[in-house]
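The chain that follows stands alone, in the form predicted alone, written as structure tokens.
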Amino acid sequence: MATRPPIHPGVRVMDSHTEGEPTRVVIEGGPDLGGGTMKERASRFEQYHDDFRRWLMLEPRGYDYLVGALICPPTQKHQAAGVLFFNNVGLLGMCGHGTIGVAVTLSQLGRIGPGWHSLDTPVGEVRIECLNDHQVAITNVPSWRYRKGVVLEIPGYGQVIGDIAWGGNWFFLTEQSPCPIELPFLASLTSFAQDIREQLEKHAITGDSGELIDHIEITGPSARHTHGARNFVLCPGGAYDRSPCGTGTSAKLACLAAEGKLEPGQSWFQESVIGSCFEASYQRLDGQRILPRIMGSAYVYSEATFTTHHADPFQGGIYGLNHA
């Protein structure tokens, strides 16, 4: 139980969900991260303002599957804004569902209108197209498959083979599963994905430059789409993604493109474990890199101002096993 002086009074947020996955956008009262690149601002946020993340994202104000977004001044004149994404355990490089949520929130606030806009993130610039008041298409950062056919030995299951790919975050993707990718099997899917993550860490299997593979994506066939799949994505904080996962869909597109299973411009329908869906496609860049386009819908459902009482014993957040 943490006892701290009052912090961050009067923080205004708007909450939305993108295909079932929530995004909390800080629109007023967040920390000032100064100038410089978004990568530099992310470093300052991590070093000096992690208490803000915990205060906002952990219970009793937050919950494990919530993603936060802090709006920052743009780093270049043509950009609408900069944005940092974070969850219950730390910063995220990018967040596809969160970007759609940010776009719909900024649109509702009147800060952007229909058409094309740019957002800056710590991993690069993302283009957004506001199609109407809830539907957005994002052009994600360049994505690629880093390693093919990585073999893991999972206790109680056996050999699992998967690919490692970048879609704004690092993913291990496999088409093997101990059960159907359906809601009644969430406990089994979560346990299986956690075992995969543990084996990756145990054997020091990483992304490019030794970066942590912090997302696990299990895919299976779609009952609705010929060119599509259904996925279960385990996020860094231990919660599963209710949406089809924008960065995970980007990583999946990169693998499909590398295998020659999906042509540039061809639609791919990525379903989540709850049945929501992104429509996706890609453009080919140099080598195996692609530029993914992800389309989905978000809906703002609440606006709130958070405060802190000086006597609240949990003013800094309630810490659990998944909380850093």
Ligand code: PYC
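No experiment lies behind these values; they were computed from the predicted model shown. Numbering starts at 1 and runs along the sequence shown.
Separately, the form predicted in complex with the ligand exists; it is not shown, and the next lines address it.
Peer 1: Which pick from 231, 105, 169, 121 sits with a heavy atom within 4.5 Å of the ligand in the predicted complex?
Peer 2: By the 4.5 Å heavy-atom cutoff, the listed residue in contact is 169.
Peer 1: What is the one choice in 253, 92, 83, 218 with a heavy atom within 4.5 Å of the ligand in the predicted complex?
Peer 2: Flagged contact: 92.
Peer 1: Whether residue 38 contacts the ligand in the predicted complex should be assessed with a 4.5 Å heavy atom distance threshold; does it?
Peer 2: Flag for residue 38 set to no.
Peer 1: Answer for residue 245 alone: is it within 4.5 Å of the ligand in the predicted complex, judged on heavy atom distances?
Peer 2: Heavy-atom contact with the ligand at 4.5 Å: present for residue 245.
Peer 1: Within 4.5 Å, heavy atoms only: does residue 72 come near the ligand in the predicted complex?
Peer 2: No.
Peer 1: With the partner left out here, check for me: in the predicted complex, does some heavy atom of residue 193 sit within 4.5 Å of the ligand?
Peer 2: No, residue 193 stays farther than 4.5 Å from the ligand in the predicted complex.
Peer 1: Taking 21, 96 and 241 together, does each of them reach the ligand in the predicted complex with some heavy atom inside 4.5 Å?
Peer 2: The answer is yes; 21, 96 and 241 each reach the ligand.
Peer 1: In the predicted complex, which of 174-182, 148-156, 245-253, 202-210 comes within 4.5 Å of the ligand (heavy atoms)?
Peer 2: Single hit among the candidates: 245-253.
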